[in-house]
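There is one chain below, alone, in structure tokens, taken in the form predicted on its own.
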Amino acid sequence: MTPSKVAVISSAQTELRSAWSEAQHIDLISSVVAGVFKGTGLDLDDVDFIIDSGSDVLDGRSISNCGFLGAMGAHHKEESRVEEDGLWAALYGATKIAAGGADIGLIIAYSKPSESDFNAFYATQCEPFYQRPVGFDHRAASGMQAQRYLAKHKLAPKDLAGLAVKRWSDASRYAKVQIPSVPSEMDVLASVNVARPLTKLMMSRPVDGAVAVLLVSEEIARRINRTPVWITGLGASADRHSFAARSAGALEACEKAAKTAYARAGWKRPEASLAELGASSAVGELMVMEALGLAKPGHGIDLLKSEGGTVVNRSGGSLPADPIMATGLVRLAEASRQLLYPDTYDLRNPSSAIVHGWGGVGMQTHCVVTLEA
């Protein structure tokens, strides 16, 4: 049986803020659920299933999604929870529609790390007998990745500062992110040391927010009066849980996820017009670019200077705004909007996109989606 085509037809997102102090989870979720149907001619009654992404650990209670069912519009509907980044929830929903099990799916991701200790959140994902007791966490893993990467490819912290400034600048211009001010390279280098050589502004910035995406079958996409963006490829992979057992200086799981997605899309090379990708740090972003095949090993930094080719993270990516658990789904929403409204993003006729999400300490897991307009 040939899988059905699946389209993204709409998305809605809150502003991503360092803290939504005046709003609860249900406020953020209900605002994006109300917004995602605008202009589609559809409403909650038309939705076959809802898949949400969040974290019990970050939310501070078990089965936390049960408290948000009303805001999600999920009462008396099929609902599932994905305890991973929201891009995996989109993969789950797209697969369900492609298999013919449903026609319309609502994908929601949300997070409020301002109410949690997100460092402790990552520490719970570490190996419990040898790594966690000595304080190993995502900061230590990111610092070790950065030390190895910079030494191997003869780059300096100043190169990472340039990347961070570019991402914060683009976020202030193109994305729905609360930006107090765009830092200079000196600001990035002088910010608090997190895990040498990484400073605070070289790490992804945890923010609060929610996002919703509406996925539909080809039959529904053709019926409604709205331009679809087609999901043409999907791939996901997980590296070894033990950080020490992984290959140094490479993200093998990201490479595998990308190869799977490209093969399903019928792409021989990653020749996308644009890419929206996430990472835990500036070095992590360079490693993801290379694992996706957008640059040769050690040359991810060159994409900042090159003209033409794939436009990477026009939204700024996850360095200026990382709504943990929702970051990948935000990337999917951003890429879809950039394909549909290129003038808003100063893009020239983009026709395809690569979307990337990650999870775990040291970016253990990866999900890649290809889109075509």
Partner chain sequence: MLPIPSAHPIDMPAFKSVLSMPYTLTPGKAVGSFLAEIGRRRIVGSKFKKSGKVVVPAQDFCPFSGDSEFELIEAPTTGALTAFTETDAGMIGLIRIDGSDVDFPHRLVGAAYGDLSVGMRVEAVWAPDVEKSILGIEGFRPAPNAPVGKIRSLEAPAAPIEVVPYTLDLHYEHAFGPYYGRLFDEIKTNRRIMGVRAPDGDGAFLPPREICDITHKPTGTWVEVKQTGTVRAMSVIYLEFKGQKQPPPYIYAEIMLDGATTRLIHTVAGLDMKRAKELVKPGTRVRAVWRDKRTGSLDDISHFEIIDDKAG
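These numbers were taken from a predicted model, which means no experiment stands behind them. Numbering follows the first chain given and starts at 1.
The protein also exists as the form predicted in complex with its partner chain; that form is not presented, and the subsequent description refers to it.
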(message) Only one of 313-321, 341-349, 326-334, 32-40 has heavy atoms within 4.5 Å of its partner chain in the model of the complex; I'd like to know which.
(response) 32-40
(message) So its partner chain isn't shown here. In the model of the complex, which residue out of 266, 101, 135, 297 has a non-hydrogen atom within 4.5 Å of it?
(response) 135
(request) Could you spot which one of 249, 293, 162, 197 gets a heavy atom to within 4.5 Å of its partner chain in the model of the complex? (result) 197
(request) Indicate whether the candidate residues 120, 139 and 245 are all in contact with its partner chain in the model of the complex, with contact defined as any heavy atom within 4.5 Å. (result) yes
(request) Mark residue 48 yes when one of its heavy atoms lies within 4.5 Å of a heavy atom of its partner chain in the model of the complex, and no otherwise. (result) no
(message) Against its partner chain in the model of the complex, would residue 304 count as a contact residue? Criterion: heavy atoms within 4.5 Å.
(response) no
(request) Give a yes or no for residue 70: in the model of the complex, does one of its heavy atoms lie within 4.5 Å of a heavy atom belonging to its partner chain? (result) yes
(request) Indicate whether its partner chain has at least one heavy atom within 4.5 Å of a heavy atom of residue 143 in the model of the complex. (result) yes
(request) Pull the contact list for 271-285: residues with a heavy atom within 4.5 Å of its partner chain in the model of the complex, in sequence order. (result) none
